[in-house]
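One chain is shown next in structure tokens, namely the form predicted on its own.
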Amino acid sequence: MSSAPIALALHGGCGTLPPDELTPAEWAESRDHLAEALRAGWDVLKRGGRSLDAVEATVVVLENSPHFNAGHGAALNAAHEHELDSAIMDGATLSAGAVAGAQRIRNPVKAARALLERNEAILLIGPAADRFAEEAGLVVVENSYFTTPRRIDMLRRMKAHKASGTAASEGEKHGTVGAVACDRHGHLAAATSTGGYTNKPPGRVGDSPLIGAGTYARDGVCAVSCTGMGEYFMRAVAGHEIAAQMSLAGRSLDEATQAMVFDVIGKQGIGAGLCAVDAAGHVVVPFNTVGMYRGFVNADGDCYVGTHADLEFRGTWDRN
């Protein structure tokens, strides 16, 4: 039996800040972190590892970076606290795990993975999720660990927007990280992690930890991780809808994802993006905002990362 073409894609959130909001060095570092995350997942895939392990490894790197709204660097809610959501799904078995409203789990995607392996519940919330992670031997931290100066500034700006009735930019409001992969056995997986949107009501849960909405994977069809205002992805059941359009209506990955980002959600005036991969190792990273942190390694091993319109070629990576 011949092996499938391995492929990996990630996003670090749509609605990227305008180029002049960060220094050139900060933009370069964010692209480096995207490449590091891809390398972590690619190393799993090229050794013949599982797509599930690859997306987890990729997301962990993004959760540890201060540049993205997940883990360290996550958004602050209206009560000046962090509530973290994450999910992971195995396309081979449709097994999944997710946490929502967690406040102490250093890497929420690891807790989601541990819950998938436990196979008792798919979703745990709040203090129960934190307790589960601690009992599973995962690293737990004080809530302040997730705070960065940039997120404090974003909360101040969002509160000012709300008080004055002015509109915030997509980059000021939200962000998410996610990864999708196809391994040598043709198995697909997806993982997503987020702090939600800045100044969100305490207790709010978005699409990221909801299987079929912000995170979905099904072997033979596709794996999807979404980013944008989660309520709209929830209403569209976006991840599952993309898979349904492919499996039932015969649409390609390009057609199904473009329709979701630009028609179903985009025509409502909502910023949206996603990363997705199909069973042939074809990757897409569509978005309708000024930019989206994103990157991928395609079936040929070509690696690209980007934040705005242009993609930066990082070389052809070894597949063996």
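Predicted model only: the values in this text are computed from it and were never measured. Sequential numbering from 1, following the sequence displayed.
Although not depicted, the form predicted together with another copy of the chain is the subject of the following passage.
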Quiz prompt | Contact check for Cys222, Val283 and Ala299 against another copy of the chain in the model of the complex, heavy atom at 4.5 Å | solution = no
Quiz item: Just to confirm, Ile125 within 4.5 Å of another copy of the chain in the model of the complex by heavy atoms?
Solution: yes
Exercise. Determine whether any heavy atom of Glu135 comes within 4.5 Å of a heavy atom of another copy of the chain in the model of the complex, and answer yes or no.
Key: no
Self-check item: Asn119 within 4.5 Å of another copy of the chain in the model of the complex, heavy atoms
Solution: yes
Practice problem: With heavy atoms only and a cut-off of 4.5 Å, decide whether Met89 touches another copy of the chain in the model of the complex. | Solution: yes
Exercise. Could you tell me which stretch in 153-161, 199-207, 140-148, 68-76 has residues with non-hydrogen atoms within 4.5 Å of another copy of the chain in the model of the complex?
Key: 199-207
Quiz item: So which residues in 237-266, when you check another copy of the chain in the model of the complex, have a heavy atom no farther than 4.5 Å from it?
Solution: Val237, His240, Glu241, Ala244, Gln245, Leu248, Ala249
